[in-house]
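Just one chain follows, in the form predicted alone, and it is written as structure tokens.
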Amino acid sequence: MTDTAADRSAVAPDPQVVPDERPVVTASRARMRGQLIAWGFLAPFMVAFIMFVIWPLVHGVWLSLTDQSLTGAGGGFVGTANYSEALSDPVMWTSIRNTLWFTLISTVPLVLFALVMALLVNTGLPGQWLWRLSFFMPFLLASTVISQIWMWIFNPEIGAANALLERVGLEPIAWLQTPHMDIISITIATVWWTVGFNFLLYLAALQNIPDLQYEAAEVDGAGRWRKLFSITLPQLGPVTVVVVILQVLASLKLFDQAYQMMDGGSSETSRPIVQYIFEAGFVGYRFGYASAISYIFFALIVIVGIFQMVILSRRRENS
């Protein structure tokens, strides 16, 4: 059977016919339209981000290079004079030391206590809803309420803390008026206030551990402690890293409870760096100097964050 010329002409495409490019143009327009819609949804957030994050950050850098006052006086460019003064200010370094000390002594119990509380609740204690509520309830209270409660507890005359010390035969303590005891008192109040949040994180992580792992360990003859150290704690490693990072960043920003429990006063052993920034800017009226201190503190937070990231990356490499 042979092909005729008519058949070949019917099958072969006409070279003069140009393929229709309208679907390509339509797809391009659809992508552009999708991008415009996406930017439209992002626009409100971007405007708010620029107004409340980027602009204050840039304006703060400019303020730190001036002698701007809260009264409106000054405002002239002074270069790095504020930074030089801050770096030689012993009160600033003392405040930073207080903040770092508070971060250290508060982070450890906030991690350990939260872990123990979550383990106890996860074992199946009767009335679990009551335990969860009682552990988490303080976290829902405002800092002013927490400060007032613990100011009563630490009252040297009628406080429950000294009443407990007297019952066990110890001398009463002026908790908030004694150097070095004031920061410990603030730490105790902070731990009681915020441990509930870490407790929930640990409890959620515990409930996500598969029961099959514990059943397999029981078949192999593993006891309760063996399962704790071989299964539970290794599984809680990622959430522990999250808890530590969040707690360190939160402790570095200590201000509310310290300022309120000290009744707005200043103590050499309990003044955090954020309170000193507040005093320099709103009590001493030196906005430029306060901005310089805040950016030095910001650099400290960046260093701590980088240090934590390095430790986390090394742990992932070793695991």
Partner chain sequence: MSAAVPTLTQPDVTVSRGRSRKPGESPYSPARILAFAALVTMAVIWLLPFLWAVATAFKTETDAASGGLSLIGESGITTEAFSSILAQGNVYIWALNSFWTSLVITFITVAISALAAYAFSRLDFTGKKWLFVAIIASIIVPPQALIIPLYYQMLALNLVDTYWGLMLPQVVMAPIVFILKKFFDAVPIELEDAARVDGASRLRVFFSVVLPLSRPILGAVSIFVFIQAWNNFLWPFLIINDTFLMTLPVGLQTVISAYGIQYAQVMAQAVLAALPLIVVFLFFQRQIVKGVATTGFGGQ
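Nothing here was measured: the structure is a model prediction, and the numbers come from that model. Definition used throughout: the rigid core is the maximal C-alpha set that superposes within 1.5 Å between two forms. Residue numbers count along the first chain shown, from 1.
Below, we refer to the form predicted together with its partner chain, which is not included among the displayed structures.
Of the residues given (93, 83, 101, 192), 192 alone sits with a heavy atom within 4.5 Å of its partner chain in the predicted bound form. In terms of contact with its partner chain in the predicted bound form, the residue from 206, 174, 184, 217 that brings a heavy atom within 4.5 Å is 206. The closest heavy atom approach of residue 67 to its partner chain in the predicted bound form falls outside 4.5 Å. Interface membership of residue 154, defined by any non-hydrogen atom within 4.5 Å of its partner chain in the predicted bound form, is ruled out. When its partner chain is considered in the predicted bound form, residue 298 lines it closely, a heavy atom lying within 4.5 Å. Using a 4.5 angstroms limit between non-hydrogen atoms, residue 120 touches its partner chain in the predicted bound form.
Using a 4.5 Å cut-off on any heavy atom, the residues of 40-65 that reach its partner chain in the predicted bound form are, in sequence order, 41, 42, 44, 45, 46, 48, 49, 51, 52, 53, 55, 56, 57, 59, 60, 63. With the core held fixed, the Cα of residue 59 is displaced between this form and the one not shown by less than 2 Å. The Cα position of residue 36 differs by 2 Å or more between this form and the one not shown after fitting on the rigid core.
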